[in-house]
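Next up is one chain by itself, shown in structure tokens, the form predicted alone.
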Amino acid sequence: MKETIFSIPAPLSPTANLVKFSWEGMHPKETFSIVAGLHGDQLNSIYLCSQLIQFLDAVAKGIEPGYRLKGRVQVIPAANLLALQEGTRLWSFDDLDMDLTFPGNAQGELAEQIADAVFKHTVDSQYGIVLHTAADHYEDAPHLVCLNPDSVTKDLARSLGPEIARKPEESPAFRLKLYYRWINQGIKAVIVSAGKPHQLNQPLCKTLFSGLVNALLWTGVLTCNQKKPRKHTVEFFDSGCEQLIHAGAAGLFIPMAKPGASLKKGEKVGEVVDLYTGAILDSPVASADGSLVTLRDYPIVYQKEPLAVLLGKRKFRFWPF
């Protein structure tokens, strides 16, 4: 079912509507919420939701062999619709980061009003996933973000596919995110981050889609008589495991590794070359053994600017049963 949960009248264009898609099975004891597009440049997450919506519509109509809805699933595929219409990360009119405005404010700026609607329509969920991509100028390897997960949340993480989970810094800004507000309400939730902004990677979305369906099967809101949910190995990295690799000079950054690569200490991540002559100015290397989870995508860099995030010493290893 498609439902408009918030309408925004505009002075010179048609009304913009924030929509939610939902499906309800025969015994909807639990609700699984998925939210994407908190930034307008997160095309992978928005496209991924479109594929999931198409799949769940087919399940609801009984034309997806073997699958049946038991619980309730709801998807908000494009939360920051104003920024999406502009093709920008943030809506230029108020320049507010919507993902730092939760739980929102029904009387506030438009970004805060939308956040209020998103939060109110998801706060009663038992499970939640926020779909993200990397920040501007960077690319993320597929990974999860989990803050102090309990055993149920760890199992949710195992069901999704990415093999890496990182613990975020619990900063004042982080406490304004939808994800933090969810877990503060007792929702078993994770962030799935992958890819880069402004770009659509269909093979990546296909992989993530399989993980989302598997997670729905694991929670039991979706069943399939031909398929059982899988549990994957997930390595969990504490926030203290993150190593930033910085540019030692200003110029053009030429990467020599890819997001998701396992690097050895001293292995070259790339080169910074002179903008005009091409002379090598710096050869940044991995400061420890680890997994390259985030890499600079935009080549022009300043000295001391972060080029990559490396997840180093492993703290815990979660194995599937």
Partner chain sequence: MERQAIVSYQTPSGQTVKIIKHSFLSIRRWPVKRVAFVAGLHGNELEGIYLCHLLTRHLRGLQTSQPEAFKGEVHIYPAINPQAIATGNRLWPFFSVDMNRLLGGENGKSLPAQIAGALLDDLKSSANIVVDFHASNLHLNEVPQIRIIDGFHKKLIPLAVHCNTDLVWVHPPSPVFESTLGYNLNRAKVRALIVESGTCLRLNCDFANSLFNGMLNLLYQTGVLVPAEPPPPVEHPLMVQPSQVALLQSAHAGLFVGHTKLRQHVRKGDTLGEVIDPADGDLLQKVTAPETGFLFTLREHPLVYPGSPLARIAIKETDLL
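Positions refer to the first chain, counted from 1. Here the structure is a predicted model, which is why all the values come from computation and not from measurement.
This next part talks about the form predicted in complex with the partner chain, which is not shown.
Next item on the list: Determine whether any heavy atom of Phe237 comes within 4.5 Å of a heavy atom of the partner chain in the predicted bound form, and answer yes or no.
Entry: Judged by the heavy-atom cut-off of 4.5 Å, Phe237 is well away from the partner chain in the predicted bound form.
Notebook entry, point to check: Taking the shortest heavy atom distance, is Gly87 within 4.5 Å of the partner chain in the predicted bound form?
Noted result: Judged by the heavy-atom cut-off of 4.5 Å, Gly87 is well away from the partner chain in the predicted bound form.
Notebook entry, point to check: Is Cys224 one of the residues lying within 4.5 Å of the partner chain in the predicted bound form, judged by heavy atom distances?
Noted result: No, Cys224 sits far enough from the partner chain in the predicted bound form that none of its heavy atoms falls within 4.5 Å.
Note to self: Does any part of Ser22 reach within 4.5 Å of the partner chain in the predicted bound form? Heavy atoms only, please.
What the structure shows: Contact check for Ser22: no, nothing within 4.5 Å of the partner chain in the predicted bound form.
Next item on the list: Flag this candidate site as yes only if Phe93, Ala250 and Leu275 all have a heavy atom within 4.5 Å of the partner chain in the predicted bound form; otherwise mark no.
Entry: Heavy-atom distance to the partner chain in the predicted bound form: all three under 4.5 Å.
Check: Just one stretch in 213-221, 193-201, 153-161, 104-112 has heavy atoms within 4.5 Å of the partner chain in the predicted bound form, so which one is it?
Finding: Comparing against the partner chain in the predicted bound form, the contact stretch is 104-112.
Check: Which residue among His121, Lys188, Arg181, Lys167 has a heavy atom within 4.5 angstroms of the partner chain in the predicted bound form?
Finding: Selected option: Arg181.
Notebook entry, point to check: Judged by heavy atom distances of 4.5 Å or less, which residues of 214-248 approach the partner chain in the predicted bound form?
Noted result: In sequence order, Leu244, His246 come within 4.5 Å of the partner.
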